[in-house]
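In C-alpha cells, the next block holds one chain alone, the form predicted alone.
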C-alpha cells in the first residue's frame, strides 16, 4: 500500500512546487540577473556588468542609510529583547491580572506599521512643538523616535515567546539550586538564562531581521528626513533606512532601477549573512548548555 501511495506523491506535490517556483524561485534569480542590467521594465533589460554595484557603492545616501540602519538594528535588538525578557519574567511570577497585562502589551503588534508611524508622528510632534521642534528637525529625534516606535510594537510579541520559555523551565532546577544556597542573581545567570537560550535565539533572530527590513514605520514617521546635501551634491537623508533607500532608488527614477536592484541584492546578502551568524552563535550556546 505504501509503495502504491508513493506513485502519486509527485502528483500531489507538483502544483505546490510549481507555484513555489513561479512565485519565489524564478523572481529571486531574475532579480539577481536584473541587478547586472540597466532596465526600465524587465523586458528591455541590457546587461551592464558590475556598473550598478559600483554606482551603489558610490551613492553617498546608500552608505549613510547603511550605517544608520546598523546603529538602529543594534540599539533596537538590545532594547526590545531586554524589555521583553524583563516583562515576560515579571508576568510569570503569578502576579494578579497578568493575563490582562499580556494582552495589553501584545496589542500594538496587531496595528499596521503605517498607522503606527503616523500615530507616533503626531505624538512626537505634539511633544516637540513645545520646544519649537518636530520629529524631522534633527536626525537624533528621528532615530530615537523609530527606536521607541519599534520597541512599543515588538516588545509584546517577543514577550509571548519569552513567557513560553519561562514556563518551560522545570521548577525542580530552581528548588535544587535554592537548597544548595544559590542566590537570585545566580539563579538567573546559571539556570534561567541558559534554559532560555532557545527563546533568546528566536527573539534575537526575529528582532534582527525585522529591524533590518523596517520600511513602513520609517516611511510614515520621518520619510528619511531631515535631508542634507552631501559631498557629491546628492541629497542624503539622515534617518533613511536601507529598505526605504532601495525603494526610493528603484521607483523615483526609472534610470536607476538597476542600481536599486543591485542595492536590494546586497541588502539580502547582508541580512542573510548576519542572521545566519547570529543563529550559529546562539544555537552553539544552546548545545553547550
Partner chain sequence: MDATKKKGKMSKTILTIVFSIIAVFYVSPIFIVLINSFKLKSKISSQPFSLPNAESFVGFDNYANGIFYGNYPFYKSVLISLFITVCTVFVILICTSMCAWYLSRVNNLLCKIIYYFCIFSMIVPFQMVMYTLSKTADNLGLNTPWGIIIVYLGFGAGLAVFMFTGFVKSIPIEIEEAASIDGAGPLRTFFGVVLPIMKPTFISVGILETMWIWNDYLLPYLVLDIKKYRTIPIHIQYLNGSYGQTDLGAIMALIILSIIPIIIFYFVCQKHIIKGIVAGAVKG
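Just so it is clear, the structure is predicted and the values come from calculations on it, not from any experiment. Positions refer to the first chain, counted from 1. Only the largest set of C-alpha atoms that superpose within 1.5 Å between the two forms is called the rigid core.
What follows is about the form predicted together with the partner chain, which we do not show.
S.K.: Can you check 121-129, 187-195, 69-77, 136-144 and let me know which stretch has heavy atoms within 4.5 Å of the partner chain in the predicted bound form?
M.R.: Heavy-atom contact with the partner occurs in 121-129.
S.K.: Would you classify residue 170 as touching the partner chain in the predicted bound form, given a 4.5 Å non-hydrogen atom cut-off?
M.R.: Close contact is absent here: in the predicted bound form, residue 170 is far from the partner chain, nothing within 4.5 Å, heavy atoms only.
S.K.: Hey, in the predicted bound form, does residue 103 get a heavy atom within 4.5 angstroms of the partner chain?
M.R.: Residue 103: contacts the partner chain in the predicted bound form.
S.K.: In the predicted bound form, does residue 215 come within 4.5 Å of the partner chain, counting heavy atoms only?
M.R.: Looking in the predicted bound form, residue contacts with the partner chain include residue 215, since a heavy atom lies within 4.5 Å.
S.K.: Does at least one non-hydrogen atom of residue 11 fall within 4.5 angstroms of the partner chain in the predicted bound form?
M.R.: So residue 11 counts as contacting the partner chain.
S.K.: Please identify the residue among 57, 47, 29, 50 with any heavy atom within 4.5 Å of the partner chain in the predicted bound form.
M.R.: Looking at the other structure, the residue within range turns out to be 29.
S.K.: Does any residue in 153-170 get within 4.5 Å of the partner chain in the predicted bound form, counting heavy atoms only, and if so which ones?
M.R.: 155, 156, 157, 160, 161, 164 sit within 4.5 Å of the partner.
S.K.: Quick check: residue 269 between the shown form and the other one - does its CA shift reach 2 Å or more after fitting the rigid core?
M.R.: After core superposition, the displacement of the residue 269 C-alpha between the shown form and the other one stays below 2 Å, so no.
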